[in-house]
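Shown here is one chain on its own, the form predicted on its own, set out as structure tokens.
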């Protein structure tokens, strides 16, 4: 089929280094003309490359070649900035909102509190090499972190907990699934509505075994690769 041939041709250019990370592809009209095809067929090819993590699309800006994904190890408690730095990437965070709110039904369920219990909600946008790649929402139990919102919560909660409350992340429970980017999340990530995404839900416990917060992460699906090493017991 023609869309498969187009996909393979673009993929070959990426693999050969003719199209490199961050390169913007020509406009869809020009690409369709160069392949002597329709824009509908071209979009099928681009959508396949997007699903494979080779391309990503920015709303109103077009298609781009995806950089190498960030290696994400769920067994580690390394914060986002340190994880990026260790892999030679440049990370930064932008605070979208931080306030005390009644727990949503989902947050209440995750934190095992009654609905409408007041919790801190912190929303942040994460960047890799100046590309927005993840929106994270943290729901935090205030009883363990009084006056938290008076501190700088833009970058690392891991560091803030340790430095100001003598609290360490000791155990995390993960759930990973696929989803789509919608609404304000898609807008923050400069994605078109419906773009594929990775959703990571984390429940975090401190060194005393107390559940202290949870976070909901919406990632551009091409921006991370989940990798871990399992040690097998002998027997």
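Residue numbers count along the first chain shown, from 1. Computed from a prediction, not measured in an experiment: that's the story for all the values here.
Separately, the form predicted in complex with the DNA exists; it is not shown, and the next lines address it.
Asker: Could you work out which of 179, 38, 166, 187 is the residue within 4.5 angstroms of the DNA in the model of the complex, going by heavy atoms?
Answerer: Selected residue: 38.
Asker: I'd like to know whether residue 228 contacts the DNA in the model of the complex, with contact meaning heavy atoms within 4.5 angstroms.
Answerer: No, residue 228 is distant from the partner.
Asker: Is residue 27 close enough to the DNA in the model of the complex to count, meaning some heavy atom within 4.5 Å?
Answerer: Yes.
Asker: Heavy atoms within 4.5 Å of the DNA in the model of the complex: does residue 210 have any?
Answerer: Output for residue 210 is no: heavy atoms all beyond 4.5 Å of the DNA.
Asker: With heavy atoms only and a cut-off of 4.5 Å, decide whether residue 66 touches the DNA in the model of the complex.
Answerer: No, residue 66 stays farther than 4.5 Å from the DNA in the model of the complex.
Asker: Kindly confirm or deny that 3, 62 and 192 each have some heavy atom within 4.5 angstroms of the DNA in the model of the complex.
Answerer: All of them do, each having a heavy atom within 4.5 Å of the partner.
Asker: From the candidate stretches 39 to 47, 167 to 175, 66 to 74, 198 to 206, select the single one in contact with the DNA in the model of the complex, where contact means a heavy atom within 4.5 Å.
Answerer: Selected stretch: 39 to 47.
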